[in-house]
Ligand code: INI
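Next comes just one chain, in structure tokens: the form predicted on its own.
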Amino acid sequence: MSDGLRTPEHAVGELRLPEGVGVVSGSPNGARRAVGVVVGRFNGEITSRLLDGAIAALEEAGVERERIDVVPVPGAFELPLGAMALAKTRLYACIVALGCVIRGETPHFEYVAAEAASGLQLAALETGIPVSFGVLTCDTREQAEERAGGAHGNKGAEAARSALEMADVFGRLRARAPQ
């Protein structure tokens, strides 16, 4: 969507790190990790595809299927509460939040999308458990379908890899901290 104020493209390029600084980075390593997934049932055809992509990515990264717990919630608005509940158990290295909000003719879209985003961030900040944002916020169903497994890849898989990467970074940081 181009309205003259923004472009539909992301900034291209890779991050360049300066020489001589310490770098603590993670990888999407799922070995010996348990992962919680919270997924909205609203727009279930789309969120089911996101969930399939996330689970496939988790397994590909080494997470055993038995160590993946999925909590369905009514919709994107309820994702933060589900993520917070999972994170507070301290059973999971990370949480993957999956949902889909498609713009309609009322401001409802903005409220749901914004509250889902801020609530998921709050769940991560309050618990210290990484919570990834796999919530599609699209103008049309077609855009959502593309991001749930079309030309834009599967955003559920991307969210799963991001969550694992952050869990790995947290583990590395804890290992570096003085005991």
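Remember, it's a predicted structure, so these values are computed and weren't measured experimentally. Residues carry their position along the shown sequence, with the first being 1.
The form predicted together with the ligand is left out here; the points below concern that form.
In the predicted bound form, the ligand lies farther than 4.5 Å from every heavy atom of Ile55.
Taking the partner from the other structure, the ligand in the predicted bound form has no heavy atom within 4.5 Å of any heavy atom of Ile68. Although the partner is absent from this view, His108 contacts the ligand in the predicted bound form, with a non-hydrogen atom inside 4.5 angstroms. The closest heavy atom approach of Asn43 to the ligand in the predicted bound form falls within 4.5 Å.
For the partner-free chain shown, Pro74, Gly75, Ala76, Phe77, Glu78 of 59 to 82 come within 4.5 angstroms of the ligand in the predicted bound form, judged by any non-hydrogen atom.
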